[in-house]
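Presented below, as structure tokens, is a lone chain in the form predicted on its own.
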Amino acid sequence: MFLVYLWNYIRGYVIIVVTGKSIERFINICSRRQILLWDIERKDHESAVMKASLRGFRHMRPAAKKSACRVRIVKKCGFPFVLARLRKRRGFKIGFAIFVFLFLISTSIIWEIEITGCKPEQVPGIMKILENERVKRGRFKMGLDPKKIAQEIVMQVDGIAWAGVEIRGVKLTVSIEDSISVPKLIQSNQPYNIVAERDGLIVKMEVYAGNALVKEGDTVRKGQLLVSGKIENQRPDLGGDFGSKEVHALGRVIARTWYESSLPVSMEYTQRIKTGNEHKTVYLKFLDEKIKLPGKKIPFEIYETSSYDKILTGPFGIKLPIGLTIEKSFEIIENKIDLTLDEAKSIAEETVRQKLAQRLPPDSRIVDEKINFFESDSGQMYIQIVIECEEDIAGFEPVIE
């Protein structure tokens, strides 16, 4: 129904009043002549209101004459009549033309660039390629070659397996698929030794190839040779050497390792509290530039800041390159709180645990943990945590002739 109404509005129609004693005959004649009438409403015995298309109104004079009825226009509706009224307004026509021109220009420019699917360290390389291709906010879309830009990104940025560049409306999107890191390959036909990657106490050894130089229960240092890739073939019964052979040493060396960290125990804790006071700083944002609008300076000594953007939206949801950036500064006061001994120990222990967790290898298994509190000569209390783990400390290095 809506489409029918919209179509009639675009073509234009009139609301007419038909008066006479033979209104039914008038309607029948119009129907036979294929003159469209709708929304017919009888007012009294000798008048009726109805709607007719412009084409139908032009051809209904014979029908009105034969039925002895009179037709009068009550209202003109539709786009043709609106356009006819606007033709007389020169200022409106100029403004409309300027609007259409600006709209076409704005939709031909890239206002937003989005990069998805990549690692943070890859973003500067991608932005440099876009800069070399003169792709930036405010650039016209005409002349851009998305396929070429995608190829340059794949060729020049490490760790990218696939890149796609797509322009939708006023937004340019760069989609990235990271490549799988290629593991370091060690040729099985090349001679390699197994060395210790860190200090430890060997608890288990599985040697698949090579000559083991240490055994379970031995303490080893980082870099120490554990399994040699050079095998000496000896025949004691014949006396002397019988030659040697170089192989690729293979095996697992499980050792107990230790990780230690210490920290002074502080009896004071600094608490940061928001007072509820805040200050707004407003910037006018155009493309990637920000201009600070007049306003008071931030009156707080200590504060935290958060910001958000208000971007203007044009027709059809198009984001315009102009808007506001609002920064909110929240006043902070710092209170020093005296802790009990147990509270201070608990905070220090949690801090040390977080530091140790960053150092532990992902494949390690914790088997023991020791927590010690001690005082220095100056009376300062310290916490020391020692974590004992089991992990594979086998590393490879080429056999040196």
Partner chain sequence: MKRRIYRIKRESSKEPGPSLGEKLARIFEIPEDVVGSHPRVTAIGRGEVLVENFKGIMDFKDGMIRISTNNGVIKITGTNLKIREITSEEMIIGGKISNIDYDA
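Positions refer to the first chain, counted from 1. None of these values were measured; they are calculated from a predicted model.
The protein also exists as the form predicted together with its partner chain; that form is not presented, and the subsequent description refers to it.
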_in the predicted bound form, the one of 36, 367, 54, 360 near its partner chain [non-hydrogen atom within 4.5 angstroms]_ = 36
*The unique member of 66, 59, 345, 70 whose heavy atoms fall within 4.5 Å of its partner chain in the predicted bound form*: 66
*Is there any non-hydrogen atom of residue 41 lying within 4.5 Å of its partner chain in the predicted bound form?*
yes
*Would you please decide whether residue 32 lies within 4.5 angstroms of its partner chain in the predicted bound form, comparing each non-hydrogen atom pair?*
yes
*asked:* Within 4.5 Å, heavy atoms only: does residue 28 come near its partner chain in the predicted bound form?
replied: yes
*Please check if residue 24 has a heavy atom lying within 4.5 Å of any heavy atom of its partner chain in the predicted bound form.*
yes
*asked:* Using a 4.5 Å heavy atom cut-off, which of 370-378, 351-359, 41-49, 333-341 contacts its partner chain in the predicted bound form?
replied: 41-49
